[in-house]
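First, one chain by itself: the form predicted on its own, in structure tokens.
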Amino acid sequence: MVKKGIALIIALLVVFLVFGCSKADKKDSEQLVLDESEGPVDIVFWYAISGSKGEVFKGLVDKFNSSQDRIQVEGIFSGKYAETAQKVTAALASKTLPNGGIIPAGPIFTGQYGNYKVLDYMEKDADFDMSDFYDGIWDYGKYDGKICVIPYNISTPVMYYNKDLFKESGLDPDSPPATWDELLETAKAITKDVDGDGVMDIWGYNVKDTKWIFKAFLMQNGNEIIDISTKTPLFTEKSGIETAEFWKKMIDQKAMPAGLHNIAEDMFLGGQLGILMASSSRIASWMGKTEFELAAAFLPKGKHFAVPIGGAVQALFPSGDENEDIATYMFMKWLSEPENLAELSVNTGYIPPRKAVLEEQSVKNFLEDSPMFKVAFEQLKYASSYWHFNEMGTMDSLIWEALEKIEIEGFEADAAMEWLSNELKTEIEANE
């Protein structure tokens, strides 16, 4: 695929757009003209990327602005994911949306409102290769099965483990568990009451984001979470109950502590936990900084390997000014160029959503120097997502409560899944 760099933006005064989903499948063309009669087009672009990673994104905004004089982007940090979601919700109500942004759960704020404008542009754009994006990642950008945003800073959960604790437990530090059964037995072998007071001092396994990991287990066991066409929860299917039973078994057999997920990361970094499942974005923060030998591996498989996609997406919010919308799309397209995605990836650890990025020399060097990142990149072939729907935020909260019922309140797996399904059904029906 021919690289397009910054010079492409300068050349895009008139863009010929052609219908279709790939370069080889385009229909009748039409002209899209960026009107420069009043000078540069100014757009406002929010981004929910914080800390040092946010500085990297800000640097990309500055790079785009200095590369040409047709479009000027005002990048505004909108807070972390939860705060940004609240701001976008308020802006929708008050009609004060920015032109676009890096937004969590973007399809909820675009497709749900009938906003598929970025798809219209992409399908007409002969230079935007939609087929270069991973299919599973496109699913993360859909509402009711239709693409409404562009995936951007992507992450997946990976399995981190403490090689030192593996060695101390008589386990092979170069052979992490690859199946659910192996995960259970490995975690049990690591769990120890060091001082004999009846309280476990070292645990074998824990998770930071219970909702995300439980959904990963569901997917690994062949459960699709929800029938999106009817909005029917699928937790009470055999595959869902089996998943909850395995979760309960991890608790009952002292492989995972009950109700301590909020301190899972502290336990792991403190050397009190053998295995932690958490976001791939942690690799950049932890690599070379732990007091033990850190390693990462694929999530162990159930019936098959599967990992859920997380992160944020690029959303375009139509402003009523076609010129601003065109300018916003041009900036989003520039951010999606392989060399610019590569710059984001090697400096933040986010997983690039398109295949061509892996051919960038900077990424090849990065993976050579940072082999743990290969796990997150290679695991992408098993990544997927269910389509967004309005009650998915409520669903995540209910999953957390259902797992708490299993871990703390002693619910059986089938009862907890039935409670979860009924509560989610009630929420969905209330919104219809």
Partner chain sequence: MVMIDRLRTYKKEEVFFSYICVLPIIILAVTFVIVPLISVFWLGFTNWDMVTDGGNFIGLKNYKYLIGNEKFQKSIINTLFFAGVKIPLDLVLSLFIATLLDKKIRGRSFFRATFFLPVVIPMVAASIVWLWLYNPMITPLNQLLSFFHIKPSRWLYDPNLSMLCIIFFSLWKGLGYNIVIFLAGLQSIPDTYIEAARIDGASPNKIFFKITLPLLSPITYFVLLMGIIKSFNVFTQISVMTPEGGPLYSTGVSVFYIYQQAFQNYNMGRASAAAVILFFMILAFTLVQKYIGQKNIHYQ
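Numbering follows the first chain given and starts at 1. For clarity, every value in this text was computed on a predicted model and none was experimentally measured.
There is also a form predicted together with its partner chain; it is not shown, and the following applies to it.
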Based on heavy atom distances of 4.5 Å or less, which listed stretch (393 to 401, 375 to 383, 36 to 44, 359 to 367) is in contact with its partner chain in the model of the complex? 393 to 401
Contact check in the model of the complex: K163, I283 and G320 versus its partner chain, with a cutoff of 4.5 Å between any heavy atoms. Do all three pass? no
Does V194 make contact with its partner chain in the model of the complex, using a 4.5 Å heavy atom cut-off? no
Taking 4.5 angstroms as the cut-off for heavy atoms, does G288 touch its partner chain in the model of the complex? no
4.5 Å heavy atom contact, I309 and its partner chain in the model of the complex: no
Report whether the minimum heavy atom distance between K238 and its partner chain in the model of the complex is within 4.5 Å. no
Sole residue of I147, A85, I226, A297 within 4.5 Å of its partner chain in the model of the complex, by heavy atom: A85
Taking 4.5 Å between heavy atoms as the contact cutoff, choose which of A178, A126, M200, A189 touches its partner chain in the model of the complex. M200
For the stretch 253 to 290, return the residues whose heavy atoms include at least one within 4.5 Å of its partner chain in the model of the complex, in the order they occur. A258, G259, L260, N262, I263, D266, M267, Q272
